[in-house]
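Only one chain is included here, represented as structure tokens and corresponding to the form predicted alone.
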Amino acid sequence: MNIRDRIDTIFPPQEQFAGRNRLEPQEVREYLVNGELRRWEGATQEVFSPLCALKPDGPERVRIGSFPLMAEADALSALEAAAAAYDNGRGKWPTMTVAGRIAHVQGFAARMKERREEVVRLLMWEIGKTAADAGKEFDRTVAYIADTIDALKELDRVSSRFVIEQGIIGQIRRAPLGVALCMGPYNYPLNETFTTLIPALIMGNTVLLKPPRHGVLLFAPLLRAFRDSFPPGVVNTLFGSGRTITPPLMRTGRVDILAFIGTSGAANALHKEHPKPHRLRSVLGLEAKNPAIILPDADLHVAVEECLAGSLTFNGQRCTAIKIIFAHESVAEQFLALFSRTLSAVGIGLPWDPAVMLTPLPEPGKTVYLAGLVDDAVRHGARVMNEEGGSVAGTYFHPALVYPVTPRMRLYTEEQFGPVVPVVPFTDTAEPVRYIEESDYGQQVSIFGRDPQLLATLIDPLVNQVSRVNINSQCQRGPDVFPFTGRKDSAVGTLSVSDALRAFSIRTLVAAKESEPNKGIIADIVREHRSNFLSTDFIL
């Protein structure tokens, strides 16, 4: 079957749709506040899958459920519960021992694993993620929880000792900051939400959890796990429009941490709503326009394999995706021919097909937007290099390999966040380096080549422009023990299993002059376990 036929038949007729992968509509009518699963009786938002059924008039999105559209008053009620549970640092959760909080998080992880099949199925239906990638996202999230627990144990072991300096006895530990508003992105709605949620929780903060606009339903199977794993008010869920419910939360000044993964514009707007922004700890993952640089001596098979995966995994809908490729003019034509040939063999279709890599797009209007980017590039002299590149069928957009891209085109600077691959020819490495220097973003870069001297001359300036330089490999987040951050408009704060624990806490110490009475007091507190903070307990 040729590519055109594969695109035209990507969506089956209604009567043949889904089969054993069928999903019954998920009508979410519960939300978690103050340890209670409350019944929602108000307005709801319908959810339509990116997966379409073929109807007489063409492909039509399948309705897969609905969720509550909470209003300002509902959001403020959730905030009140989180603030009460924190109680200015006096609540049960922030004053609990580290071992105690770890036990609660471990209990949640065990309950979460019981809902794997439901969450994975919803990841496929809600955002069009392939079965393999949906399973990986769930499993990686569970592994992240375990790694975070191990990192906190190690951090606490280091802190379970006293320091004596200049006649002062001190014990230094990390303490929570308050109420955290955690908002994840639709492309990794489970994993990236949990990379802020879990460290915020385990460090003793209370949390308002706001799922992304695409990927709400998959949190419903986890509500009972949250309820049964944490004290009342420690985890509270917010369902609805972010533009409606999050600004009022920020205006109260009672949100202490903004953990947000999305656009810099949205993050700036929320930050400005806070009446005392200097009090707000921000942990932000924002836009990126990660480039790849193909040097004249690059192994083109490796470069194509890594750039194709880097630019088109989950349809290019990743902040870490390679979003522009600079190919040296001496190898550009070979690179494009090999890329195009490799792309033609990639599987397209519905997410449960194990041979599929490319799937429909969840955002309404996304195919129109991407087509506009390609049209703009063609209008300014570029060509679509691969067969059927840019073709559309319902919510499916076939990847477009676009060349030569120039600064006149929107694709040169605009983050496409989708399956369009712009390629820019260059003659001197100063050109891609200058692009990176002038870019608003500074997350990562991939460099493909074999000459150690040439690679070294690029590495040294680029590590001061981006936060990760990848050699002969695609841009990516993991492993999760590595720091994940960005410069410029790409991030605020650093996320990894250890860095995140620090991002959601502050160093605090108890100190006393090294006098005999003070030594006796401290010894008594520690020996009799009178304090959860002032302690030498060692977590195994």
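All values reported here derive from a predicted model rather than from experimental measurement. All residue numbers refer to positions in the sequence shown, first residue = 1.
This next part talks about the form predicted together with a small molecule, which is not shown.
Trainee: The small molecule isn't shown here, but in the predicted complex which of Thr320, Asn386, Thr193, Thr130 has a heavy atom within 4.5 Å of it?
Mentor: Contact residue from the list: Thr320.
Trainee: In the predicted complex, which of the listed residues (Asn470, Gln171, Ser439, Asn187) lies with a heavy atom within 4.5 Å of the small molecule?
Mentor: Contact residue from the list: Asn187.
Trainee: Is Gly478 close enough to touch the small molecule in the predicted complex, meaning at least one heavy atom pair within 4.5 Å?
Mentor: Gly478: yes, in contact with the small molecule in the predicted complex.
Trainee: When the contact criterion is heavy atoms within 4.5 Å, does Arg140 count as touching the small molecule in the predicted complex?
Mentor: Yes - in the predicted complex, heavy atoms of Arg140 and the small molecule come within 4.5 Å of each other.
Trainee: Might Phe484 be said to contact the small molecule in the predicted complex, defining contact as any heavy atom within 4.5 Å?
Mentor: Flag for Phe484 set to yes.
Trainee: Please name which of the stretches 470-478, 34-42, 49-57, 503-511 has residues with heavy atoms lying within 4.5 Å of the small molecule in the predicted complex.
Mentor: Answer to the contact question: 470-478.
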